Structure formats: C-alpha cells, structure tokens
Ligand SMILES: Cc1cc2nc3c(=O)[nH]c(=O)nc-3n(C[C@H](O)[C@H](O)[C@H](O)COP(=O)(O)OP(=O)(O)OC[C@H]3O[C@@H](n4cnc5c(N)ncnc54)[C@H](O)[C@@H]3O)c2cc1C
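This document opens with one chain alone, in structure tokens, the form predicted on its own.
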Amino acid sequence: MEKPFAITLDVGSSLANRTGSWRTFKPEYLDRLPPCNAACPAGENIQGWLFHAEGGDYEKAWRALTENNPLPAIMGRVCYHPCEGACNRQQVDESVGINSVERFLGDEAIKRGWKFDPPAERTGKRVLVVGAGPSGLSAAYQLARMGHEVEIHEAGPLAGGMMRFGIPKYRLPREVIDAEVRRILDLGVVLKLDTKVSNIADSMKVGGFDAAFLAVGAHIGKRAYIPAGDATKIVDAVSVLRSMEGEEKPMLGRRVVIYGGGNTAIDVARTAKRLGAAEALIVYRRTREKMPAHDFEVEEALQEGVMIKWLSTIKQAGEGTITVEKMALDDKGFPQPTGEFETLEADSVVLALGQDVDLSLLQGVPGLEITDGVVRVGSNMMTGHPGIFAGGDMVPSERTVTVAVGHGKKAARNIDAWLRGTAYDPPPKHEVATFDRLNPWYYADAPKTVRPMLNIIRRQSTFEEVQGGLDENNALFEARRCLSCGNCFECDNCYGVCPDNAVIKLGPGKRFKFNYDYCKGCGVCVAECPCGAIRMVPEEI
C-alpha cells in the first residue's frame, strides 16, 4: 500500500504542505479585451489610459491615449462614444464617462502645452495625404511619428475638414481644432491649404511621393427633386454649415424648414434658431425611433425650440410656403403616402439628405473600383492601385469622426509596411471581458458624473459651447469608476483568499504568479477576482 505523502517527509519541511498533485484544473492569469476597447472605432486603449488618469498622472494618460488618436479634445466633444454603450459598468449603475475624461485630458494638454515626441529617425519616404479632415490628420500624425515625410493637400482655406465645416461651433469650438492641428504640424507635417488635388497620379508624380492616402470628406450635399417656384429658396445643409465659417452668415429667414432626419439636419435646425429664426421645423418621413440622428441631439434640439414633424414628406415648395404630405406606416413598418396634404409657411428649405464625396481626382487612375460613390479598399486600406490608400468618407463605412481617425491610423500602419516592403500583421485580439466574468460586488455604487450644460436662453441665442467639461476632481472620480474589465489591477484579492498561499506577489506593476506546487485547484481565486483576470484550465497530464 502506498504510504501517505506526509510520512515520507521530515516534519517541518515546506514540502509537507504541497498539494499540486491534487489538481485536475489549475488557475492561470490572463488578459481579456475590455468591451470599451473592443467598441472604439479609433482603436484606443481606453482602459490603459484610464488607468493612468485614475492615478492622477494626466500627461501619461494623454500620451497613452494619443498613441492611437491625436485629437482627444475634439473627440471628447464630438464622438458618439460607442465605448460607453459597451461599458460593463452600466450593468452596475451607469457606464463610465469615458468621453468626459477624454475631453478633460485633451483640454489639459492644450492648457499645459503638451507636445508630441518627434520621431527617432527619418525614413526619407514621402507620403501625400489628400484632405485635412480627421482621417487625413490621423494618418499624417501616425506616418510622421514613423519617420516619414508627410505633406497634406487641403482644398479648403482651413484645416479640419467636416469637423470645421460640418460641425457647428456650439458643439466644437474652432480654437480646439486649431490647437490639435497645430500639434500635429509641429511634428514636421507640411500643410498646404487652398490646394485642390485634381488628379492624384499627377500630384504624386510632380511631388515625388512614394505613397498617398486619400481622405476627401463628403462635402457635396445630396439633392432631391422638389417642384418649386422661382422665388423659393432651397439650399443644402452642407452649404449652410460651411457658410457659417465665413464673414457673411446664411440668410435663411424667420421660418426655416429642414428636410431630413440625420445629425446634420439637427445641426442646421439648431443653427437656424441661433441665427434668429422664429421657427426651425424638421420634416422627416419616418418616426423618431427610426431617426438616424442620435437621441441626445434630438432631445437637445427640442429643448432649444426646434420642432419636428414626423411621418411627413415635402411634395412641393411655393413662394413662402411648402406642401407636406402625411405618411402612415404599413404592416411592415415602412412609411407610405396617405394623400393628405398640409401647407406650411417657409422662408427657406434646407435639404439635409446626406452627402457625397468628390471623386474627380481619381479619373484616369487604373485599378480603382468605385461603387455607390465610394472607393473599394482591401483589408490594408489600399485601393486597387498600388501605393494609393483611402479612408474616411471615401470608403464604405459609417461616417463619423471616430471612424475616420481609426481609418487614418490603420492606413498609416499599412502604408508604413508597404513602403518598407512588408505587410502589416495586426496582433491577435484577446477574448472580450464580458460582464458575467466580473464580480460587481467588489465595486461601490458611484453614479456617473453629469457634464454641465449651458443654460437654455444662451443656447438659443449664441454659439457658445453647449456642453461643458469636467473639472479635475470630477474627471479623477470618473476615471476611478473603471472596473478594469479583464485585466489585473493588483487588488490583492487572489493573494488574500488563497487557502494554500499559492499566490506570489511580484511587486508593483508586475502583478502575480501561481506556485503550482501548493495550488490544489480549488478555484477560489477565480471566483473572487473582481475583474475576471483569472481562469481555470484543465491540468495537463
């Protein structure tokens, strides 16, 4: 008969307490992908920079953030923060105010004059970026950091693209755009304004460029046929918003009708109110639930006195009036005409039906595939013509600032690899840290910090910024609400609850490891880990 294990050892020997042979499963530490990171179109390491922010090291947090996104002060104002929609914390109380902290860090960087570090070396390669919008600026930033010589050709008089000419000042102050663009140019990026690229192949040849990234924004407003009299004023939304950057503001009249249901329609309606319109009415053919505009923007517009006529479509525009037909939903939920008409007073009609991209610069370039007004690109963001890449509004995708920034970063990585004669191989992603892997009991209830809002009277009559930012105390509090989903933050729970003293502390920032000689595989550490950074795996036989 086999002797008991303890009898074979000297009393007092540390080996007497070994339990490793008892296991059928053993614990192991791992990193999981936080859902906020997974949901970010710009590919930010959100949990990573929040970690530095909650420790009060704001510059380190900003530098971690700008590894992936050079425009945090802008993004903290205009991003629709899908990260917060994915945040596990919302199942405890409310999602972490990631966007609020991002804005705080961006504003701190501007206030304190933080700069990007220059590249360690120069490659001698030249890259042409067409368009100084979010995608072009993102690509230029990343390429400059990689040591390439970057030149941006912008057709407009100022940098920013649709951030400047499509987003009103009450949402995005122009000094914020200027500050973050200036920081990118300080890396050595050359910006040529009022320089329209008519033919990309010719511009590359003349400038001696080795590669190009096309990031032309969707500046052309879509039109719709509306029978109208000669005196009827019908304009497109993009033109209205663009003209707000000039000295002469658009003359829309006292009664303005906006046709469309997206965020641009909301922006024009709110702009019209600020320009003095007594009535700003949005006509939309579907219901509020189907409206593509974000709900919080719709709500803010309603607060400011904007009116919305649901299930309606414009049939005709006369002199000082429009004719609207009421719609009704069929059994499949689609709007259908009813034959019921209504006449409304209107000094102008603004069409907010979407935008197109000017693709004339691609004429004569072989290998390009254009479908539905956008350029087809491969997984590496390269078009069918070698060395010409594209992103942002020019390619099939959701048209947001955040998506555009992500395209610029992804394109830059692939351009860099192409210039070096290699291929960019993105690292594999970890499994997402879902809520069921967390232990929410570890975290106290801490409601989300609400950002201050400009009072309603000033919102209706000025272009002052509507939504304010957090102060340092609130930003610190908000950062500390992060659950650190899927990644160890050294809370010492596993160390404290292990009945076998099998957890070894490796020192600050180095986390832990298991001593498998003593671990009997009870799984208490997994059950007690608040962030789901330990799992049980079958013991190898």
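Please read all numbers here as calculations on a predicted model, not as lab measurements. Position 1 is the first residue in the sequence shown; the rest follow in order.
Keep in mind the form predicted in complex with the named molecule is missing from the figure; the text below concerns it.
> Residue-level contact is defined here as any heavy atom of the residue lying within 4.5 Å of the named molecule in the predicted bound form; does residue 195 satisfy this criterion?
Yes, residue 195 lies within 4.5 Å of the named molecule in the predicted bound form.
> Would residue 80 sit within 4.5 Å of the named molecule in the predicted bound form, counting heavy atoms only?
Judged by the heavy-atom cut-off of 4.5 Å, residue 80 is in contact with the named molecule in the predicted bound form.
> With heavy atoms only and a cut-off of 4.5 Å, decide whether residue 99 touches the named molecule in the predicted bound form.
No, residue 99 is distant from the partner.
> Answer for residue 180 alone: is it within 4.5 Å of the named molecule in the predicted bound form, judged on heavy atom distances?
Residue-level check for residue 180: no, no contact with the named molecule.
> Could you tell me which one of 272, 401, 258, 346 places a heavy atom within 4.5 Å of the named molecule in the predicted bound form?
Checking each option against the named molecule in the predicted bound form, the one that comes within 4.5 Å is 401.
> Can you pick the one in 218, 466, 191, 324 that has a heavy atom within 4.5 Å of the named molecule in the predicted bound form?
That would be 218.
> Would you confirm whether the three residues 161, 241 and 393 all fall within 4.5 Å of the named molecule in the predicted bound form, going by non-hydrogen atoms?
Judged in the predicted bound form, 161, 241 and 393 all sit within 4.5 Å of the named molecule.
> Among 338-346, 139-147, 245-253, 195-203, which stretch sits within 4.5 Å of the named molecule in the predicted bound form, heavy atoms only?
Every other range fails; the passing one is 195-203.
> Taking the named molecule in the predicted bound form, which residues along 129-155 bring a heavy atom to within 4.5 Å of it?
Residues within 4.5 Å: 130, 131, 132, 133, 134, 135, 136, 153, 154, 155.
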